[in-house]
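Only one chain comes next, encoded as C-alpha cells, the form predicted on its own.
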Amino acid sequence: MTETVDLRVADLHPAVDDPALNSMNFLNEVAQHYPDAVSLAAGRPYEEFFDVAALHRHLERFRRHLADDLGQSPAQVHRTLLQYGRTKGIVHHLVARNLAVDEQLTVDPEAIVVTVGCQEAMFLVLRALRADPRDVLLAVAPTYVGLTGAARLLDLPVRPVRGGPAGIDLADLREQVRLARAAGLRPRACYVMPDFANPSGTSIGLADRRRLLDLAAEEDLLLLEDNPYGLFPASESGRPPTQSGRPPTLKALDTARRVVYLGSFAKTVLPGARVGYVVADQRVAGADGTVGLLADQLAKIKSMVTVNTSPIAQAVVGGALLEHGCSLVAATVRERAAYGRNLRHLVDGLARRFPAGTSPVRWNVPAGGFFVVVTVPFRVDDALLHRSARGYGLLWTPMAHFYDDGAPVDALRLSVSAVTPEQIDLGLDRLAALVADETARRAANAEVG
C-alpha cells in the first residue's frame, strides 16, 4: 500500500533539509539509540548539581525582590509572575547588575532583551541584520552549528573566517571582508566566541581582542560575541577567577558600540529554564528622525516569535542571581572546579594513551571550557560515530558538523562537562581501542587496494 503524501520536502523552506539543521537532531538521536554508551559528546552542564528544591527557593527570592525591592503590590507581583510579561523581560535589571559585578561591564538595562535561550538571541539579531539579499555573515570556523542553522532559516549566507590556535585569524577576517565586498556583498557582522569556543576550545588573547575591535571599526563591521563558557577557566584551585585572571569580554572593551553581546544562563544557572539574553546598545535612527536602541528593534521581532520569555523561568534565574549578589562567579564555584578537574583529567588521559612521538593522534589543550578537539589519522564522519557507539560504547561529536563546506575532517570533539573522571577514563580506553582498530583496518584496506 502506498503511503499518502501531503507535502514534499521540496515544498518547504530549503533550510529544513540543510545539514546544519539536521546536526543537532542527528546527534541527539544517536545518543538515544545508544543510552548505555559513555558520552563524551554532550556539552551539557553537570547534572549532579541540579536541585529541584532550589527552584522553589529562587522563585520565592525573586517574588520578595518584586515586593520588597521594587515595591510591587501583591496584585502586581501576581501579574508579573503569572501573566504575559514585558517583551524585553523582567530580569533585565538583574542581568545588567550581573554584567557589572562579574564583567565590569556597564550596561543600560533597556539595552537588554531577555530571550528563550541564547538561540533565540542569535535568531533575533540575525533577523534584524538580514535586510538585503546581498547581506552575509562572517563566522570563525569551526562554527557553533546553532548559529549556522539560524542563519540558514533566514537566508543569510555564512562565510567562514579561519580560527586557528589564536582563536581568530585577523588577516583572514580582513581578507574575507574584502572578498565579500568585491563580490558585491555586504558583510554585516562577524560571529565570534572569544572564550573557550564551541567546538574548538580556543580563546582569543587580550591583544588580539583589541585588534579585533579596531578592525571592526575600520571595516564598519559588527561583532556578535557569544560567551557561554567564559566563567569556566580550568584553574588548579577551582576558586572564583578574579577579573585580572580573565581577559575582559569584547563588550567590556567596546567603546564604539561595535559588539552585540549574546549571553546565556544555561551553563551557569539551569539549562531547563531556557533563559538567555542579548545586549544590543547600538543606536538606531528611525525614518522619522528619532533615535532608539537596537534592543528596541529586537523586541519588536521577539514579540512576533515568542511574545515574551517565560516569567516563571526568568524568576528562577533572577532568584539565583539575587541569592549570590548577582555574581555567577560566586554561584559556580563547584561547577568550575568540576569542569577544570575533568578537563585536566581528559588531557592527561589522552597523553597517557597516545604518547607524543609514537602516536599520530594530536589534541589541543584549552585553558578552560568544556571541549577538546582530537585529530586522528583517518576521516571522522557520522558512519564512524555509529560504529563507535555500536561497537565500542562511546559517543563523541564529529568536527565535520561544525564546518560548512562538506570537506572531509579528521577530527572529533570530546566534551568533559557531563561526566565523571571515571567515565572519562572508560571513554578514553574505548577511544584508544577505536583508534587502534580503525587505523589497522584502513591500513589493511590500503594494502589490498
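Predicted model, so just to flag it, every value in this text is computed and none were measured. Sequential numbering from 1, following the sequence displayed.
Same protein, other form: the form predicted together with another copy of the chain, not shown, and the subject of what follows.
Peer 1: Quick one: does T309 come within 4.5 Å of another copy of the chain in the model of the complex, counting heavy atoms only?
Peer 2: The answer is yes: T309 has a heavy atom within 4.5 Å of another copy of the chain.
Peer 1: Using a 4.5 Å heavy atom cut-off, state whether E219 contacts another copy of the chain in the model of the complex.
Peer 2: The answer is no: E219 has no heavy atom within 4.5 Å of another copy of the chain.
Peer 1: When the contact criterion is heavy atoms within 4.5 Å, does P271 count as touching another copy of the chain in the model of the complex?
Peer 2: Within the cut-off, so yes.
Peer 1: Quick one: does E175 come within 4.5 Å of another copy of the chain in the model of the complex, counting heavy atoms only?
Peer 2: E175: no, not in contact with another copy of the chain in the model of the complex.
Peer 1: Using a 4.5 Å heavy atom cut-off, which of 102-110, 211-219, 319-327, 275-283 contacts another copy of the chain in the model of the complex?
Peer 2: Single hit among the candidates: 275-283.
Peer 1: Please state whether every one of the three residues Q83, A131 and I301 places a non-hydrogen atom within 4.5 angstroms of another copy of the chain in the model of the complex.
Peer 2: Answer is yes for this spot.
Peer 1: Please identify the residue among A96, L294, V374, A180 with any heavy atom within 4.5 Å of another copy of the chain in the model of the complex.
Peer 2: Looking at A96, L294, V374, A180 one by one, just L294 meets the 4.5 Å heavy-atom criterion.
Peer 1: Among the candidate residues D36, D68, D51, D405, which is the single one with a non-hydrogen atom no more than 4.5 Å from another copy of the chain in the model of the complex?
Peer 2: Contact with another copy of the chain in the model of the complex is made by D51 alone.
Peer 1: Counting only non-hydrogen atoms and a 4.5 Å cut-off, give the residues of 116-130 close to another copy of the chain in the model of the complex.
Peer 2: Those in contact are V116, Q119, E120, F123, R127, A128, L129, R130.
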